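First comes one chain, alone, set out as structure tokens in the form predicted alone.
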Amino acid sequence: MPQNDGLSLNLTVTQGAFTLRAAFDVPKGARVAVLGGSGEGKSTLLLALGGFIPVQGSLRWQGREIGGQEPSARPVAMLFQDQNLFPHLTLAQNLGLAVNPRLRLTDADRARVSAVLARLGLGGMEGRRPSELSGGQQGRAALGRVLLQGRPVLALDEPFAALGPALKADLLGLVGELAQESGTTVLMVTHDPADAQRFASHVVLVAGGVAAPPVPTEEIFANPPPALRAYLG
């Protein structure tokens, strides 16, 4: 895979007795599924990328070291499993936080928010609160907020895992479509091999304290390594 045009990792994460090592490159615009069993370190890898836990080693984006930067300064937007929509804020306000954390929005900012909502099929719902949205609509809203951050790397930590298969497939399809349009690099944690096959160009297998280099999705499922074979059963 090409080097230096996207993410370059050579790092170690230590949390108590657990250690995770990762040394590989992810080219700009790739869609990568991070696959592995529970407790193997998939979410840890994404938290390290986002700057939410300390690491040793190097983390670069397009040749520039970002490992010492605060999460807000990194080129990485993260979408967590709980989606982090604030229940007391309207849909427009929740998305507006991505534009200005103090919600001091200009008319142009509000127009951007409305345009993203419309693109996600949520047009006209600006005044609704999360409790007034379906699960699928909440997923779209959370996705809209990270899109408004405009960062070139999107890290998804199973944000649609609680949805049914059809809704999850719909949202993964939407993520893929939007990422392709913008050239966004996507890393998506999943427990579901079907998600990886549906969405990802490459798979990072996390097992035994190591996040292995990306392998083309079709190739890794055609000839699974022992750790993946054991996981698939």
Partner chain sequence: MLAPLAALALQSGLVLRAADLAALRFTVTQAALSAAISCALAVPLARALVRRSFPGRGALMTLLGAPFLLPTIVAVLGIVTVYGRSGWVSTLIGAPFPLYGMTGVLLAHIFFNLPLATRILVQGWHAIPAERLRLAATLGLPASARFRHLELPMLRAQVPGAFLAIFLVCLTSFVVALTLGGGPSATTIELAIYQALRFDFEPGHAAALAGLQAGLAACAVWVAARVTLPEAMGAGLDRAPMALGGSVGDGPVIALGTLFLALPLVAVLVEGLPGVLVLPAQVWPAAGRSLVAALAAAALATGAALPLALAAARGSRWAELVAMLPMVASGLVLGTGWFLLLRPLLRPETVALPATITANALMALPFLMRLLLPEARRLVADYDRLARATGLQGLARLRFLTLPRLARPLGLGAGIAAALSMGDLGTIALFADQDAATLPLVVQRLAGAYRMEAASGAALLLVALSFTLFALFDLGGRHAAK
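Nothing here was measured: the structure is a model prediction, and the numbers come from that model. Residue numbers count along the first chain shown, from 1.
Just so it is clear, the following notes concern the form predicted in complex with its partner chain, a form of the same protein that is not shown.
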Can you confirm whether Leu47, Phe80 and Arg151, the three residues that make up this candidate site, all sit within 4.5 Å of its partner chain in the predicted complex, judged by heavy atoms? yes
Report the stretch among 196 to 204, 34 to 42, 49 to 57, 167 to 175 that approaches its partner chain in the predicted complex to within 4.5 Å, counting heavy atoms only. 49 to 57
Just to be sure I understand the contacts: of Leu133, Val116, Leu85, Ala92, which is the one whose heavy atoms reach within 4.5 angstroms of its partner chain in the predicted complex? Leu85
Partner contact for Leu163 in the predicted complex: its partner chain, 4.5 angstroms, heavy atom: no
State yes or no: in the predicted complex, is some non-hydrogen atom of Leu103 no more than 4.5 angstroms from a non-hydrogen atom of its partner chain? yes
Would you please decide whether Glu70 lies within 4.5 angstroms of its partner chain in the predicted complex, comparing each non-hydrogen atom pair? yes
In the predicted complex, Leu122 touching its partner chain (heavy atom, 4.5 Å): no
